[in-house]
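To begin, one chain is listed below as structure tokens, in the form predicted on its own.
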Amino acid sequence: MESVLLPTLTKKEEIDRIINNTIDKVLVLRFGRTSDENCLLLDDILEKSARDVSKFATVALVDVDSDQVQVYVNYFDITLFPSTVFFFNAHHMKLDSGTADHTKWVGKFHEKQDFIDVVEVIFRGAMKGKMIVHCPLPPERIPKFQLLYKDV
């Protein structure tokens, strides 16, 4: 089942275009599969939140099964789904959520307000020129994953 409200990107050029053309807003890219239950749960939260964050964020889905987006999947080391990456004015925004990986949010958000709070903190930090912001959610609301790094 594909999202009705959120655009689904399947080509590198589409991702390049949305990253470069999203100005003065946070760009939220959800990397995942439409066949994955956790991705569908996150997509539901993203769809319900899209209108609430529309003044300061744009949300899009990236289909990781498309051969044409693998350069981004590899670059951001997307191995767990869903993974959410944030940008502001074509700059990759990082989120310190107390996990080893600050480059993306791995997993789903517990509820709509959690997502809104994270995007708002990223927006406020980006407007102040910050490239990394501290996650506003309490530790129990942050998904925990054991990250394994290759050749370390």
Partner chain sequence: MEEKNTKAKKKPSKKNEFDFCKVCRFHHDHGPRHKYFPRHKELLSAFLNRFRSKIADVRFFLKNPSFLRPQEESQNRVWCVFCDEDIVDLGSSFACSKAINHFASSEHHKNIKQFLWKHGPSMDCVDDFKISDADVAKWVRKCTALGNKDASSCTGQLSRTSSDIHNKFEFERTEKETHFFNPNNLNDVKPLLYNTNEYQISHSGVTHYGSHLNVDATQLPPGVIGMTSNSSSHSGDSSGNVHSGAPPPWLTPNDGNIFNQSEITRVQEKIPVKTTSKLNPHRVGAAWAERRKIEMEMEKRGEAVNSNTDADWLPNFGRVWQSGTRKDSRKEFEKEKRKLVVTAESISMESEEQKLVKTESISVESEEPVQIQPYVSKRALCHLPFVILIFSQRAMKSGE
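Nothing here was measured: the structure is a model prediction, and the numbers come from that model. Numbering follows the first chain given and starts at 1.
Heads up, the form predicted in complex with the partner chain isn't pictured, but that's what we're talking about next.
- Although the partner is absent from this view, residue 129 contacts the partner chain in the predicted bound form, with a non-hydrogen atom inside 4.5 angstroms.
- Mapping the unseen interface onto this chain, residue 38 falls outside it, with no heavy atom inside 4.5 Å of the partner chain in the predicted bound form.
- At a distance threshold of 4.5 angstroms between non-hydrogen atoms, residue 63 is out of contact with the partner chain in the predicted bound form.
- In the predicted bound form, the partner chain sits within 4.5 Å of a heavy atom of residue 103.
- Using a 4.5 Å heavy atom cutoff, none of 34, 42 and 140 lies near the partner chain in the predicted bound form.
- Taking the partner chain as positioned in the predicted bound form, the residues of 10-42 that bring a heavy atom within 4.5 Å of it are, in sequence order, 12, 16, 19, 20, 21, 22, 23, 24.
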